[in-house]
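One chain is shown next in structure tokens, namely the form predicted on its own.
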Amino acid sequence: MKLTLPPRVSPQGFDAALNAFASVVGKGWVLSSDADRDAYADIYAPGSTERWPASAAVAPASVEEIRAIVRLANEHKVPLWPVARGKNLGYGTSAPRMAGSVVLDLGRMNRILELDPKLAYAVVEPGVGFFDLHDEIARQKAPLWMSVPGNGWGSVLGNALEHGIGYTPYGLHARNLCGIEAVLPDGDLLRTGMGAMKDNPAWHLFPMNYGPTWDLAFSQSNLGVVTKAGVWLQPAPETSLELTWDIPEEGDIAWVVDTITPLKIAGLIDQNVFIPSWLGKIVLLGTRKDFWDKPSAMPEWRVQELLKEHKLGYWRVSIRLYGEESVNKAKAEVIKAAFKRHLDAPPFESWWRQGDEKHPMDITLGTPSAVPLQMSDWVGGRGAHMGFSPVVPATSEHVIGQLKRSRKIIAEHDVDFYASFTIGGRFANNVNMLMYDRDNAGQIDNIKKLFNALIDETAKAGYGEYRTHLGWMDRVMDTFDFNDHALRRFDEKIKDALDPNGIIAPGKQGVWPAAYRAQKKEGAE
């Protein structure tokens, strides 16, 4: 990838900045060759990776090195784009929102600093991946479980800070963060919560502090660089029971949601309940050409044939219970009775008990897996995906409305329909997975138009995305329009006060510092 300099930085100034960074981390950890820049490109980019090019990367190994780099970045007016492990697939991976930014790669900071089996938490650096923490828990034989997202090869902190979701009782990952250490845009060092008091042992135990609580201000944020955080973990249960139903019809999602939501709010169901449509299972059985070899979207008659052939429902609901066996059995009877009011078929029941092996693909047991990445192979070629992910109230009215809306728009663009709903209690997170071949220009153009239509029409109905790809960050922020975009104006005031040079992640989540606000339209879709 050719060199794209940061705005307002000359070649001589850029070289001076890289040399200054090398004086902190060593020349080997300043990565500025064409191959290095390629390594930080968005491998799932809907279009050219040169829409969001990094100028270089620098990889510190300590908090003090980060502080020094941030100070030097201010001195040389070189913007930084922090990444934990850069595995944010479908959202931009390691690529920066503003062209020419230097990626601040935190992957070398990969220590598990603390693992407390009694109070069920860990303290980790940003480079710690889900597999790393899983293996350390196993090595120490700690009676703890993690919550993991669908794709488990990313960073524990990175996923939580990007509002990632898992499928256990601890599935709202940002909510599991307790006590953050962050380097601020001027190089100062902050500890949130009880950590604001030196050596306070309750730092990672109490989720608030004296005065305003700032932990979540660093999530989906460009207010600082998180260097470590506490992460709450789930105590390993005595048993776990999974109840699985295949739900026959598309419209059945209405009663499914209205059945699960009150049970979830009441605490009878602890986990976030993931409800994928049929394509979520078919992608694990082969690629698209194995089931439909035409370029058009798979028609409904073919879908029905596949459901019969593979004995699948249109949706699959798996509800997992955790705890003592007698309690799980009692909860299961209540849940089965609720489902039986709408569906005569009994669920498939599967028990896990302490001492049993965990299935390596079962993320509801806290086991990280990379198998869901297989979905990118669905369309063939150099497969990739993006997710359109609005949040709606967890009622049949809202879920059916959003389902019909997104289905209609996706059908109008002749794309296979792959949706899921995750019931987190009072909300439902609706992910529409859009898959494409990165080498097919027609598919890329169509996916972009489709994504824009989904954002616009969903916003007109009153719903917003909770997370999106780099190229659409501004467009999604535009949809949060209450009181003349008061949220964005508030974010920008704080950003400008803390980061007058606009050094940390300009443009992230549509928040631009004054120094770079003129760059907003560049790289936007």
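Every value quoted in this text rests on a predicted model; they were computed, and no experiment measured them. In case it trips you up, residue 1 is the first one in the sequence shown, and so on.
The same protein also exists as the form predicted together with another copy of the chain; that form is not shown, yet it is the one meant from here on.
K.L.:
Judged by heavy atoms and a 4.5 Å cut-off, are K118, W214 and K331 together in contact with another copy of the chain in the predicted bound form?
P.N.:
Yes, all three are in contact.
K.L.:
For the chain shown here without its partner, which stretch in 22-30, 51-59, 472-480, 36-44 has non-hydrogen atoms within 4.5 angstroms of another copy of the chain in the predicted bound form?
P.N.:
Among the candidates, contact is made by 472-480.
K.L.:
Under a 4.5 angstroms heavy atom criterion, identify the one residue in H76, H385, H163, R288 near another copy of the chain in the predicted bound form.
P.N.:
Of H76, H385, H163, R288, the residue with a heavy atom within 4.5 Å of another copy of the chain in the predicted bound form is H163.
K.L.:
Can you work out which of M109, I269, M194, V123 has a heavy atom no more than 4.5 Å from another copy of the chain in the predicted bound form?
P.N.:
When another copy of the chain is considered in the predicted bound form, the option within 4.5 Å is M194.
K.L.:
Within 4.5 Å, heavy atoms only: does D491 come near another copy of the chain in the predicted bound form?
P.N.:
Answer yes; at least one heavy atom of D491 falls within 4.5 Å of another copy of the chain in the predicted bound form.
K.L.:
Closest heavy atom of D199 to another copy of the chain in the predicted bound form, within 4.5 Å or not?
P.N.:
Yes, contact at 4.5 Å.
K.L.:
Is Q509 a contact residue for another copy of the chain in the predicted bound form, using a 4.5 Å heavy atom cut-off?
P.N.:
Flag for Q509 set to yes.
K.L.:
My question is simply whether W301 lines the interface with another copy of the chain in the predicted bound form - judged by any non-hydrogen atom within 4.5 Å.
P.N.:
Answer no; every heavy atom of W301 is more than 4.5 Å from another copy of the chain in the predicted bound form.
K.L.:
Select from 143-174 the residues with a non-hydrogen atom within 4.5 Å of another copy of the chain in the predicted bound form and write them out in sequence order.
P.N.:
Contacting residues: H163, Y170, L172, A174.
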